[in-house]
Ligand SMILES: Nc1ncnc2c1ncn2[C@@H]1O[C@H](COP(=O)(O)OP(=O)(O)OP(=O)(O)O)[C@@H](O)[C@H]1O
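Have a look below at one chain only, the form predicted alone, in structure tokens format.
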Amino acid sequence: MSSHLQITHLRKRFGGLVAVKDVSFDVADGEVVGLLGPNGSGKTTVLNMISGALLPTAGEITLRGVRISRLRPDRIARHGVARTFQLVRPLPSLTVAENVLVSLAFGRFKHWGPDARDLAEEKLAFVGLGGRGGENVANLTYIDQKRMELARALASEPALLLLDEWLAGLTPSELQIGIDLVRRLQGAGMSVLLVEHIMDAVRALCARCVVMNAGEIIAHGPTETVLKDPGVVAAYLGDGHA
């Protein structure tokens, strides 16, 4: 598989704190890669640099051979990067469909009118919310809010999807729904970088993982091998369990 996202010697400093230190990895076309690590390890900072919320102190990020590491977030989105957040961020005064329409109107290809409404319904149907576009976002259950957020991200027609603990807080049955949705994305050829703490989901979705601790990569490779690495076990559970 060819490289889709390439991160090279990425670094982020906040004053005297180096939050990300010389991080390098890639995501291939159609691949779901897990970006793992304990809280404070630098995972979300990496996602923030990929999406443009933060500028790297050093290093390069390229998407399909195009350097995006110094672009504004809106320019990065137009190059095909979309993300979700651990805490769902709906536009509460809008309906479910209107939340998705906003992404279509201001996304990569700027859809309007009947075309946009049809595409919004298509994205909602894909995530399991078909026919529910007229509902108020505030009336959705938690899993349905997650589904709507995913539909909104997909409405920007991304080439790369960043999922930041998108599966957090779900019940076991809801978790399976979420896993199945990500599998469908992969089946459709979507490249996904998945930040996640739920190891059952990581094992189900990611053939390969990158594990960070204290801003550095401590393991990188096949998921089962990485999760058994003594350094990874120590990072999550402490040296006494390694």
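Every value quoted in this text rests on a predicted model; they were computed, and no experiment measured them. When you see a residue number, it is the position in the sequence shown, counting from 1.
Unshown form predicted in complex with the ligand; subsequent notes refer to it.
Segment that reaches the ligand in the model of the complex - one of 171-179, 199-207, 33-41, 55-63, heavy atoms within 4.5 Å: Contact-bearing stretch, as computed: 33-41.
Non-hydrogen atom within 4.5 angstroms of the ligand in the model of the complex for each of F85, E224 and L227: So, no: the whole triplet misses the ligand.
Residue among E157, E165, E121, E135 with a heavy atom within 4.5 Å of the ligand in the model of the complex: Checked against the cut-off, the match is E165.
Non-hydrogen atom contact A19 with the ligand in the model of the complex at 4.5 angstroms: Output for A19 is yes: heavy atoms within 4.5 Å of the ligand.
Residue contact check: S51 to the ligand in the model of the complex, 4.5 Å heavy atom: Contact check for S51: no, nothing within 4.5 Å of the ligand in the model of the complex.
In the model of the complex, T45 touching the ligand (heavy atom, 4.5 Å): T45: yes, in contact with the ligand in the model of the complex.
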